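In structure tokens, one chain follows: the form predicted on its own.
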Amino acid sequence: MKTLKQFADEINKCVLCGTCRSVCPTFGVVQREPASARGKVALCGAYLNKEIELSDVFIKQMNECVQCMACKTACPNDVNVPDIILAARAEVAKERGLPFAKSFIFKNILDSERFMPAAMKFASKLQGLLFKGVPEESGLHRRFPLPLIDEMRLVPQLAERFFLEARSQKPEDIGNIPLPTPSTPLPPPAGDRRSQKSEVRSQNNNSRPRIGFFAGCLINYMLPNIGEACLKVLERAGASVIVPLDQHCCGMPVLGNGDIETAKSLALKNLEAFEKYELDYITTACATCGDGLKRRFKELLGDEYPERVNAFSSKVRDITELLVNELQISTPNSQLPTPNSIVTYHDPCHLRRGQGIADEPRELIEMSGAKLKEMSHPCRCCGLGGSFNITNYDFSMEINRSKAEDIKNTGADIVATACPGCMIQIKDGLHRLGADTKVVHVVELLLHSPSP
């Protein structure tokens, strides 16, 4: 990863034209110059020139960014503002350190193969005491005041059984294992779960494309139904799917907070988890994870492991990209669940701007038999911004309000997207408006029962 000092020439490319102000969601809410992309670039330049220090005000401005990348797309000089801001956050973490709670969670829980699942399992057992259900919206409200949890916030419910946990407990789903190659060890017998490192779902056919599935934290712990839908659709498409059980968080939340070393550790662990298998592709149904696996892993590990990380990242495809471009699925409309439904689509920032993927999700929607109705601004940021939604909830929901209103104004029955994080944020925003629009992942539209 480049340091802030290494971005000095990039910072100097900014001519302060202000084009970014018209697309910056944080500036759109507060209308203050330091909240804009050019304001943040100017602050970074002043810091490098020793005109200002790493003050609390500087840190606040760097943290008030949702990393939507709209500024970079709009900039006539192609100034890489999102990466400048990430470098500034890394500078802050290096000079001041992370807050204790974040440091402890990142280094001792998120980066642990044992403690992360254990901590989430404990939280899933505890959630009934702290939260009450909102059944009609598949979410939770707090029962009494809690830190960082707004009274009206629709909190996503942790799954009773996590996606990867279910994979390790379902030996009946492991079909005839493909013929092993030197880099593809056979999984142990179904009764031996201590050393099993993957679930393999396939038939004995070497002509089938071999796909590694990366779940990501939100699918694993909160929305396993999306992971299950992906496996079913991939199998229908004729793929042999391998789910490494020792995969970790992609590390993008950690990177977004400036903890480069932990992000590198997580990236390397995921590299090791997937490279054991001779895969044709690696896919994920999370736009943020996909952007991280494709792009950020190269920045984190490229200097130390250039061949390994290039081999890994070159195989990564978003699930919508994989289905349309590589597997070229074509499903008859008559078999699908949503004929006559009106669906609008939200472009996740990390998919459209980060990976350049916009058409493929829309093709899948049309393939489902639903009628696609575009909102006025489908690629406007939903305001999630990773941990920004946690530390700046009211700010985040102010950004989201325009998105929720845009969705409601379409009159659509369903809003589909390709990012679990966006799904959670949009569902919260629609809840605030009192809209009953169903929120689903695009892949769920290809099955008979999209989740509520």
Partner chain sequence: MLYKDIIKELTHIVGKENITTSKEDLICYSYDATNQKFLPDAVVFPKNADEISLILKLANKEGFHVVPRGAGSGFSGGSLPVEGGVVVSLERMNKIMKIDADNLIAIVEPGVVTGELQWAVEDLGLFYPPDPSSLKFCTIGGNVAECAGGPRAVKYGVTKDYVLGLEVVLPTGEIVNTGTQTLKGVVGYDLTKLMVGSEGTLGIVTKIILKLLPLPEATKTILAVFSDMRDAAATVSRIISSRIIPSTLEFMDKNSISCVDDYANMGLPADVEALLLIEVDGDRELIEKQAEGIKKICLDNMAREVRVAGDKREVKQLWQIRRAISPSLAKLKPNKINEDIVVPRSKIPDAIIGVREIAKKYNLTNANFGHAGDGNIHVNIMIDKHVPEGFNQGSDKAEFLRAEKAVKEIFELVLGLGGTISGEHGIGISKMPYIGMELSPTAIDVMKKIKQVLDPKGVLNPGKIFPTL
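Everything numeric here is computed off the predicted structure, so don't read it as measured data. Residue numbers count along the first chain shown, from 1.
The form predicted together with its partner chain exists for this protein as well; it is not shown, and the discussion that follows is about that form.
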Query raised in the report: Heavy atoms within 4.5 Å of its partner chain in the predicted complex: does V440 have any?
Result: no
Query raised in the report: Is there a heavy atom of E33 no more than 4.5 Å from a heavy atom of its partner chain in the predicted complex?
Result: yes
Report task. Indicate whether G39 is a 4.5 Å heavy atom neighbour of its partner chain in the predicted complex. Result -> yes
Query - S55 within 4.5 Å of its partner chain in the predicted complex, heavy atoms - result: yes
Query raised in the report: Does the trio V15, E51 and P76 actually contact its partner chain in the predicted complex, every residue with a heavy atom within 4.5 Å?
Result: yes
Report task. Work out which of I426, L43, C65, I399 lies within 4.5 Å of its partner chain in the predicted complex, going by heavy atoms. Result -> L43
**Report entry** One stretch from 297-305, 251-259, 77-85, 233-241 that, in the predicted complex, holds residues within 4.5 Å of its partner chain by heavy atom
**Finding:** 77-85
